[in-house]
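Taking the form predicted alone, here's one chain by itself in structure tokens.
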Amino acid sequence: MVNPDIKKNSNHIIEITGMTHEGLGVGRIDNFAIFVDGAIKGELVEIKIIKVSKNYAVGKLMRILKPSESRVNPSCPVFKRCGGCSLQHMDYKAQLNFKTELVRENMKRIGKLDDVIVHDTIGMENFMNYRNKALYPVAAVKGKTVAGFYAKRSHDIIEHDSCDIQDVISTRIKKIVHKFIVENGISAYHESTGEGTIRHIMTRIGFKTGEVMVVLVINADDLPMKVKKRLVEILTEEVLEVKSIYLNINKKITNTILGDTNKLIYGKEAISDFIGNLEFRISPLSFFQVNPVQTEVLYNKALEYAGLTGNETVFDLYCGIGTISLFLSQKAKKVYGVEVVEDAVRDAKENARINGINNVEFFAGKAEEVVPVIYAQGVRADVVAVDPPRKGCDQTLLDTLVEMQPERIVYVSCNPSTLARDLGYLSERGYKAHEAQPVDMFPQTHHVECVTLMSRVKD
């Protein structure tokens, strides 16, 4: 039963005793959970209740009576409103500790795994301006065209002059394109009506090559030739690093950002970047990790966990443009990559060609559908690497892995809860999770990447 004192607009003083996976502070009144955005574990705070439900309440942070030693002043002026950096009010060491504990807690609570060694999260020396990809929504607000990032838990756009985690070139391009849209009277998209032309501005940057791609997502089949020509002139004159400019066509009323059709209006079909000594081709729809420095750390750990000697057959599932596949191919006998996005598979094949790698083969399709077919044809994996989306692996796929019985499974995950769920499922079916290495791919946010080693339990 909810304490009658816990009601909307009531003020309370509580101690923050924990934090959620999204970085919200958690306190309790008579064992009733209160979630407080902006509060840090160990703090004593005054809050105002703004929402009460059956099992929890939400409090607004009013005053910090006893601050945490980990609290710092956020460098971003729109930190409290923007939905991007949820942990910028914590010092970097505290952020890393938060992510380590998040992985450990999920392993125990969701996976029921008490004996997995979870190493300390590997952080970055330079943990600002690390992103090689930016997506800026564009909208019309009260007759004004705005571009920025979404506010927390909404599609209200927060305008800003810079972003601490984006590459500075992305910020420059956003300003240039935004100004161009306004000066040329190009309409911005209205989510509510489905009208308007410009939906998003996207930038992609080759960290080691310096190459830049700009993509305008439009709610139209094309832009007038004069407009396209002028846009190309402005971008290429003001940002010399721009090597590719696309229009992406998305006329659907949807929250999905990118459409399926891309029109190249300037330069190269793809830019390139390197992870280690491997070169990768990046097109508008390619999945490529947004933090190239930490990607190399993550993939080297995956390669270590794979324990390859040169004699193994490896399956790389949810392989994207083949980044992990090509990393593993350097020490494997044969690698089979599976990816549902056909454009990514084409890029993967081209990446193999660029790097002179011929012991990889890529398949387009859902991993849970392709793998059983390959296995039925007599191809068995000694090692399987999986890098699924946030929802984790499909159960059909996990069942196929259990049936195929690879010696080792290397699970790369961007979601500790679905990682723990899938590890728990495999642990009940003949596999043991040994160790997990969190890697901070997304400093200043609550997100954490993790690579885990599992092996088959011998009878």
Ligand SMILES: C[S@@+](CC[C@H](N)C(=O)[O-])C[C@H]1O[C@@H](n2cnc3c(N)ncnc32)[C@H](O)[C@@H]1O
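Note that residue numbering follows the sequence shown and begins at 1. On a predicted model such as this, the values are computed, not experimentally measured, just so you know.
Keep in mind that the form predicted in complex with this ligand is missing from the display, and what follows is about it.
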>> Whether Ile324, Glu368 and Pro388 jointly form a contact site for this ligand in the predicted complex is the question; each needs a heavy atom within 4.5 Å.
In response: yes
>> At 4.5 Å between heavy atoms, only one of the stretches 266 to 274, 359 to 367, 230 to 238, 177 to 185 reaches this ligand in the predicted complex; which one is it?
In response: 359 to 367
> Hey, in the predicted complex, does Cys319 get a heavy atom within 4.5 angstroms of this ligand?
Replying inline: yes
> Quick one: does Tyr246 come within 4.5 Å of this ligand in the predicted complex, counting heavy atoms only?
Replying inline: no
>> Is Val338 part of the interface with this ligand in the predicted complex - any heavy atom within 4.5 Å?
In response: yes
> According to a 4.5 angstroms non-hydrogen atom cut-off, is Gln289 in contact with this ligand in the predicted complex?
Replying inline: yes
> Tyr299, Tyr305, Tyr136, Tyr130: which sits within 4.5 Å of this ligand in the predicted complex by any heavy atom?
Replying inline: Tyr299
